[in-house]
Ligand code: DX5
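Shown below, as structure tokens, is a lone chain in the form predicted alone; questions about how it binds or moves come after it.
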């Protein structure tokens, strides 16, 4: 059964109240889009703001770091005890060091790649990590259209996992709605934002996705 990690990036009003409302739906994870204004042009929440927003939430946290200073942000975000912390392959050169650092905190390690990055770049890390996040839009903003070439990346990653008995989860993020979700059938988790949060009734939108 495909799981849903819900992003609140597109919520502009009553953010805390609406994050709590999102947390009460049937989603599996709350997805935190953390941007530094450097790796991507947009800048989002500080750790202090995140702690305030998440005070009354219970869903497991899925942190996506779109940042250059990966270690600094990991040190911030391990304090909320997330299930996953995902960093961008393109942001750093010391990927193995970061993977080992996260593992010592018993946090599941994810690596993300941008749409133009080839999955071959992930090959050395596939036996080591818990999650691969394939971006199906350019990272930085919500509400973009799904890039169709993403489907072959998902399918290839599933094939590699099956062939090698790897254990990573395949996650897809960007432009996912009740139409484009069918191109993500081989993914384990889809990250969905504006499709859910742009409507008043979050649960109805979630139900449409899972039909």
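Everything quoted here is computed from the prediction, not taken from an experiment. Numbering follows the first chain given and starts at 1.
One more form of this protein exists, namely the form predicted together with the named molecule; it is left out here, but the text below deals with it.
- With the named molecule left out of view, the stretch that reaches within 4.5 Å of it through heavy atoms in the predicted complex is, among 45-53, 158-166, 64-72, 181-189, 64-72.
- In the predicted complex, the named molecule lies within 4.5 Å of some heavy atom of residue 35.
- For the chain shown alone, residue 9 is a contact residue for the named molecule in the predicted complex, at least one non-hydrogen atom being within 4.5 angstroms.
- When the named molecule is considered in the predicted complex, residue 85 lies well away from it, no heavy atom lying within 4.5 Å.
- Of the heavy atoms in residue 135, some are within 4.5 Å of the named molecule in the predicted complex.
- Taking the named molecule as positioned in the predicted complex, the residues of 175-211 that bring a heavy atom within 4.5 Å of it are, in sequence order, 175, 176, 191, 192, 193, 194.
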